[in-house]
Ligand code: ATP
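Quick setup: one chain, the form predicted on its own, written in structure tokens, and binding and motion questions come after.
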Amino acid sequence: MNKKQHVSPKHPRAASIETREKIIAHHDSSVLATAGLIAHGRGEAFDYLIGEKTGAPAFRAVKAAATSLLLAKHPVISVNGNAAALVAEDLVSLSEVTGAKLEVNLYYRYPGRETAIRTVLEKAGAKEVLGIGEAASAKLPEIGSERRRVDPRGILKADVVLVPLEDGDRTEALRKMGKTVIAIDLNPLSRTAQWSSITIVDNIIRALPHLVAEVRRQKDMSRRELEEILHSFDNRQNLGSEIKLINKRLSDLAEKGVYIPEVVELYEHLEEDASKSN
């Protein structure tokens, strides 16, 4: 068991370190598989590339995702270990405002993981959690992993599935079954991002609160207004915008060489001292 490290609020990476500590704690409690630690690190690297903030393309995807959930007949929120560890309260809030069911779906169904995740969701206020144990009795086609096991009351009958922090195989399978898939993925090049109907390229700890707020904002809109929002969204174009955003950000940084203001000031100070000494 790892001892939780104290993080000073003055540390420049305090929020990131706190998130890592949360991930580690949930790994120790069996909510996360070890592979989830690797997945989190990979996502954090892409978060650097987008500037660790929610960009315009992500907000457009959030808007379309909220609309899709509100128009759905049987929306389901798929929950894995990382999502439960990071945004359990937001997942429950989204479930409540959309009427979407919460279903645990895992690549690694180690003994105790499903119930550990259910406990986290229930502590966050969930009244019902699908996909636990024998309840995941149905199977999705063309999937070889434990991801294929789904609940007949949930993902199997769903028309819209939110798959935060997902793998590409199941996203592809769900799309081929005719379901609308909403992904939250920091990597716009991943198979999940590419196969999804709507991809929110953002950190889940920012995206989920935005999504909950957007659903609440759209609640009073007419069906015609909602359909117009969805009709105007093109995931392929939006992913292209995300990649262009990353490209521009990297190009701008390459021109500057250094982008942290304090470091820039230090370089300028040293260069000034060097010129005086010459």
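All residue numbers refer to positions in the sequence shown, first residue = 1. Keep in mind that this is a model prediction, so the values were computed, not measured.
There is also a form predicted together with the ligand; it is not shown, and the following applies to it.
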| Considering Ile204, Leu106, Ala72, Ile143, which brings a non-hydrogen atom within 4.5 Å of the ligand in the predicted complex? | Ile204
| note | Assert contact residue (the ligand, in the predicted complex, non-hydrogen atom within 4.5 Å, options Ile77, Leu208, Leu186, Val181) equals Leu186
| message | Even though the partner isn't displayed, in the predicted complex is Arg217 close enough to the ligand, meaning a heavy atom within 4.5 Å? | response | no
| task | Decide whether His231 counts as a contact residue for the ligand in the predicted complex under a heavy atom distance cut-off of 4.5 Å. | result | no
| So, in the predicted complex, is Ala39 in contact with the ligand at a 4.5 angstroms heavy atom limit? | yes
| field | Contact flag, Leu165 vs the ligand in the predicted complex, heavy atom cut 4.5 Å | value | yes
| said: Based on heavy atom distances of 4.5 Å or less, which listed stretch (150-158, 134-142, 113-121, 186-194) is in contact with the ligand in the predicted complex? | reply: 186-194
| Residues within stretch 67-101 having a non-hydrogen atom within 4.5 Å of the ligand in the predicted complex | Leu86
